[in-house]
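A lone chain, given as C-alpha cells: the form predicted on its own.
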Amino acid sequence: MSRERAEDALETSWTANAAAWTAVVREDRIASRVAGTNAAIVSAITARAPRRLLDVGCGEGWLVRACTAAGAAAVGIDISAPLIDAATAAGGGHFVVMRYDELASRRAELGDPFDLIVCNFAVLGESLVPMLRALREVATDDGALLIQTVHPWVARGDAPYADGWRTETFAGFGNAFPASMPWFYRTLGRWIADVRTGGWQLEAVDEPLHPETGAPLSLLLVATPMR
C-alpha cells in the first residue's frame, strides 16, 4: 500500500470506528490505559500547569475534559467529525474538526498560542514532520509538546524493528470495530529524528511501566520549541 493510500485509509477508519472508539474509551475497556497510560499523560500535563492546551487527535474528548476540570482552557482537534460530535455533546472544552495538515492554514480558528500541546496516541501516520512544524507555529516560545505513543520495542511484536506501515484490526474488541486501521510504526531513533526535524528540542523520554509486570506501557516524549 502506498503512503497516500495508507494515510487515506487511516483517516477513513476513524470515521468508521468513531462509535466503537467512543464506547471503549468511556467504558474503560482499554487495558493499557487503565493500567497507567491515562494517568501518565494527565500527570505530565498537570505538572506543567498549562494555561492554554491543545489536544491534537482528541478523539471523543476525555483528555480535554480532564484538563478543563483542572483549570486549563483546552481545545481539541480531530479529523473525525463523528468523534468531534461526541466530544462536543459531552462538553468540557472547545472542539474543532481539523486535519493535521490544516493546522498551519487554520491556526486563527484555534485562538491564542498554546503553552502546552498534547498528542496522546494520536500520531499514527507517516507524515509527522510537517505537523510538528505547524504545531511549532501555534506554540508559545516557552511552551512544550507531549507525545505519548505505543512503546516501539513492545509494539513491534514479531515484526522486524524497522519503520513501516502496520495494520491494527482491533480484534481484542470482537466485532465492535467495523474497519481495520493502518498505522505507521516508528523506531525510537525515528521518533527522535522526526521530533528534531520538526523544530522541537527533545527534553525527556519517559517509559511508563505496567504496575504489575514492569513492562513498558508506552513511550512519552517531552519536547520544547527549538530556538
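All residue numbers are counted from 1 along the displayed sequence. Predicted, not measured: the structure shown is a model, and the values here were computed from it.
Absent from the display: the form predicted in complex with a further copy of the same chain. The rest refers to it.
Proximity of 187, 196 and 207 to a further copy of the same chain in the predicted complex is complete: all three residues have a non-hydrogen atom within 4.5 angstroms.
In plain terms, the part of the chain that comes close to a further copy of the same chain in the predicted complex, with a heavy atom within 4.5 Å, is 150 to 158 out of 83 to 91, 111 to 119, 135 to 143, 150 to 158. 202 is the sole member of 35, 181, 202, 40 with a non-hydrogen atom within 4.5 Å of a further copy of the same chain in the predicted complex. Taking 49, 176, 69, 192 one by one, only a single residue has any non-hydrogen atom within 4.5 Å of a further copy of the same chain in the predicted complex, and it is 192. Residue contact check for residue 215: one or more of its heavy atoms lie within 4.5 Å of a further copy of the same chain in the predicted complex. In the predicted complex, a further copy of the same chain sits within 4.5 Å of a heavy atom belonging to residue 219.
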